[in-house]
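Next comes just one chain, in structure tokens: the form predicted alone.
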């Protein structure tokens, strides 16, 4: 594994609406980097430096550029996380579109998951590397999650839930109403298809990981009489990227 020329401490992995996002407001530095990992090529990683008083932050779109080219079930999560490790990344922040299970949540709300239930079935959740210890402990690193929480007061719709739980499903199909009811009874507040194995791989690689969820819709059967709403447009990325850049700045100052 040859060391890349660039070195960064924070990588932001963009989810919903990251594809095709105009990065010019956040001052890209140089050309995007594609790393050749043992698990295949990483997505293009762009260095962003919106504030010259803080070091550049890496950014990549996990689903591809220009369009949603791969759903979560078919992503090469290991190439993303190993690429971060090659760059010397110590913290990964991600954003993800989530469906609301908890009745207090509405479309447009923001959540920083505190725990994760994994209902995926076919995904590879380890690098299988002899020098790396299996993931254990909190799914989301408390220090990284606190940095996200400290960025949320400036958000247009902060979360009404203090410690939400995210359930990850296999996809790419949406969940049935019966499945969502099962997840609700298991303690899940939001549902998505992305964070496993990403969170576990980051932990195995020794990288702090935390996520910001944007409620894009009500989970199946959980509209509870409210008019159906869906928000998968550019506003998701335009809301989440600045907040995670703030979280990266918070982490930089605290270190």
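Positions refer to the first chain, counted from 1. Just so we're clear, the structure is a prediction, and the values are computed from it rather than from any experiment.
Omitted from view is the form predicted in complex with a small molecule, to which the following refers.
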With a 4.5 Å heavy atom cut-off to the small molecule in the predicted bound form, the contacting stretch among 22 to 30, 48 to 56, 213 to 221, 199 to 207 is 213 to 221
Q) Within a 4.5 Å heavy atom cut-off, is residue 83 in contact with the small molecule in the predicted bound form? A) no
May I ask you to check whether residue 193 falls inside a 4.5 Å heavy atom distance of the small molecule in the predicted bound form? yes
Self-check item: Contact label in the predicted bound form: residue 164 to the small molecule, heavy atom within 4.5 Å
Solution: no
Query raised in the report: Any chance residue 109 has a heavy atom within 4.5 Å of the small molecule in the predicted bound form?
Result: no
Contact with the small molecule in the predicted bound form, heavy atom within 4.5 Å, among 117, 124, 174, 143 goes to 174
